[in-house]
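Below you'll find only one chain, the form predicted on its own, shown as structure tokens.
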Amino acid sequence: MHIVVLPGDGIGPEITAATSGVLRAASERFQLDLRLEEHAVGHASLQQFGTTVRPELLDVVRAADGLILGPTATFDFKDEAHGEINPSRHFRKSLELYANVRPARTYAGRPGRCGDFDLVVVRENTEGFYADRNMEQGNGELLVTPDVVISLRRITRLCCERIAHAACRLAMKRRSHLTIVHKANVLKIGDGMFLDSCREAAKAYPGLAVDDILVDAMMAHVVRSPDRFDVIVATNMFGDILSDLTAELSGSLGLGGSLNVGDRHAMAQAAHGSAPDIAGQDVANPVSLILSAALLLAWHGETRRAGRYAEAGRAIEAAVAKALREGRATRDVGGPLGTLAAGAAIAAMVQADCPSVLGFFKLQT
């Protein structure tokens, strides 16, 4: 399996190095023959090549079997005409990675803030209120006057239907329960289309239990009793906010994995940002990117019908669970270790044949 690795900005190089060590351990144990090919992206690429993402890099990624993108300084990149491209948006849109799959679960030894739970947020990834990806040309935010801004949201039936089916398929591999999150009482046309598309898609999955909740009420429900949810599907911005909340409820945003999936490609990406304030201090938690890489392995195993990759993904997740249970983690989640030491501890557990647990890696879309 050929994986392109883009370390990114801030803490990106540190957590990417820790993740690469875990992947090498998994490759050795499961005979995956992983080949990790690293390229600059973000500020490092801007300094070296005059652009945050070189045009030819997209072809390199398309030819590979998967992509790992470290956190990038997205807020710094404002002018594409001067090479300041948002790498995350660039690859999500160019590769049609329409499903952002974000599992969130609690771990033994790290009690959740609202009790134990295991859920997945499936977020539409290519349109919605995100101004940099909902127009063919230009931007979805318009400065009408110096004091008036209009932000356009794009909702299409195609995108609603494909994210709905992705969520339904995942739910059928888990506990057969789908929750649709929307605001159709106010956004009657756009969210109305999304809600109707999800309900219609769900009819093709016998035995799937379906409910829907308004997004504002959902924030209260998921805090009150997150254990009642299995797979949650939402439009882009609602899903972005909700997935950060559920990850934090599990103990830390640094414990939330994230996989961007399309029909042909997938990109592992930490659920958090580049955190420049702690960069270079060896204190960043690498677990989010490690779990995201595990999801990438599992996706590859599902799509290529190669069971050892899915097994490797489960082994990495089990090693993370064991490390958290034993307190062999970074300080933000109660451990004494630095970034690289935490990654090395997880890598050692992968090699030590940790028994796999749970099964939320079945992500075929």
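Quick note: we count residues from 1 along the sequence shown, nothing fancier. This one's a predicted model, so the numbers in the text were calculated from it and none came from an experiment.
What follows is about the form predicted in complex with a small molecule, which we do not show.
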Contacting member of 235, 250, 288, 243, with respect to the small molecule in the predicted bound form [4.5 Å, heavy atom]: 288
The single option of 156, 139, 74, 176 touching the small molecule in the predicted bound form, heavy atom within 4.5 Å: 74
Options 145 to 153, 277 to 285, 192 to 200, 178 to 186; stretch whose heavy atom lies within 4.5 Å of the small molecule in the predicted bound form: 277 to 285
Exercise: residue 38 in contact with the small molecule in the predicted bound form, heavy atom 4.5 Å: no
Contact of residue 106 with the small molecule in the predicted bound form (heavy atom, 4.5 Å): no
Partner contact for residue 125 in the predicted bound form: the small molecule, 4.5 angstroms, heavy atom: no
Partner proximity in the predicted bound form: residue 265 to the small molecule, non-hydrogen atom cutoff 4.5 Å: no
